[in-house]
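Take a look at this one chain, the form predicted alone, written out in structure tokens.
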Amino acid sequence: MAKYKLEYIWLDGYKPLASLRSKTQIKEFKSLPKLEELPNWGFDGSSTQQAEGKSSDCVLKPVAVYPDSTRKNGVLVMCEVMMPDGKTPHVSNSRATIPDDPDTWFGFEQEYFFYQDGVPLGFPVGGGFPAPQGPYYTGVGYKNVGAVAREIVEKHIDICLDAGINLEGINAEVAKGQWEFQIFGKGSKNAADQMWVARYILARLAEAYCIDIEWRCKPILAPFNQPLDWNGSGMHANFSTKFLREKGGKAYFEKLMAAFNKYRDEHIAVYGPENHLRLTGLHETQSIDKFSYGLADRGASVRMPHSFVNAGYKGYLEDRRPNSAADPYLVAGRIVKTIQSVPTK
């Protein structure tokens, strides 16, 4: 029997942006534990905005397990928060809001900024700006991407792949200090589970470099308090269903887009805080108060790939409105609910 370091990971109750929390439990197993072997575990919800001190017990219920190559016998355990009975989802449990559908697939494109000393990595400390946007997107060379950022993202790739997380790619993004990684998963909850664990791995990895990961969608506004010509960060949600992949059709697509327009406010409500700063109609976004779709249009709310139209309106679509700080559980849940409101016959 070996002693395993089980890192239980969960989302706290902070608003408008939940934070990742984690703690380690040591338990003996014959081999890497499976999900069904892992026990529920308690924590002090009064310290995470999830309970009052007079009744502080909350329960962590494991929902996904990944090996952690950074620790000897390490295991990453993604959890959802339950009430003390262990059965009732806590009000902060956004995962519980997703309808269970194994045939709905998601691919999330997570953008973020490296932050150090109060500014994006590569920005002059104390004021001023680097050269304007242009050379940074998919850039190469120290003046474009620096050295430390490249080192971190490469390590992030390796740790995620070692964990079995389906990370499909990375790239430097449009703004200085901004990067992106992509996660794909089959099933309405799978990609969101993986996204949260990938976020956790990145934040923990950056600790050693004295760097924070800034998930807010328009952080360059914050230190300067003025509109600036720098891209914000999104978490574009690519999605498909069995019906969209196998049958689709223009008539169904137009009904689906009508439903997305109908529930525009409900989508925006869970697509991340401060999205009005990002969805301005500029920098490859549609305005927050409008809904549109278009072929290969990165200024639309929903982008249709050429492959989708060429296949007879079959395949996947990209909702470009979720921002980088959005909870992928809430995003997935809202998209699935809207899809389920549209009849396929």
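Position 1 is the first residue in the sequence shown; the rest follow in order. Here the structure is a predicted model, which is why all the values come from computation and not from measurement.
Form predicted together with a small molecule: not shown, discussed below.
Asks: Any of the heavy atoms of Glu246 lying within 4.5 Å of the small molecule in the model of the complex?
Replies: Contact with the small molecule, no.
Asks: Taking the small molecule as it sits in the model of the complex, is Tyr115 in contact with it (heavy atom to heavy atom, 4.5 Å or less)?
Replies: Looking in the model of the complex, residue contacts with the small molecule do not include Tyr115, since no heavy atom lies within 4.5 Å.
Asks: Any chance Asn238 has a heavy atom within 4.5 Å of the small molecule in the model of the complex?
Replies: Yes, Asn238 sits close enough to the small molecule in the model of the complex that at least one of its heavy atoms falls within 4.5 Å.
Asks: Taking the shortest heavy atom distance, is Lys61 within 4.5 Å of the small molecule in the model of the complex?
Replies: Lys61: no contact with the small molecule in the model of the complex.
Asks: Since exactly one of Trp230, Trp105, Tyr271, Trp215 fits, which has a heavy atom within 4.5 Å of the small molecule in the model of the complex?
Replies: Comparing distances to the small molecule in the model of the complex, the residue within 4.5 Å is Trp105.
Asks: Consider the chain as shown here, without its partner, and state which of Gln182, Gln133, Asn73, Thr97 has a heavy atom within 4.5 Å of the small molecule in the model of the complex.
Replies: Contact check passes for Gln182.
Asks: Counting only heavy atoms and a 4.5 Å cut-off, does the small molecule in the model of the complex sit next to every one of Glu109, Glu168 and Arg303?
Replies: Answer is yes for this spot.
Asks: Look at the stretches 26 to 34, 49 to 57, 316 to 324, 288 to 296 and give the one with heavy atoms within 4.5 Å of the small molecule in the model of the complex.
Replies: So the stretch in question is 316 to 324.
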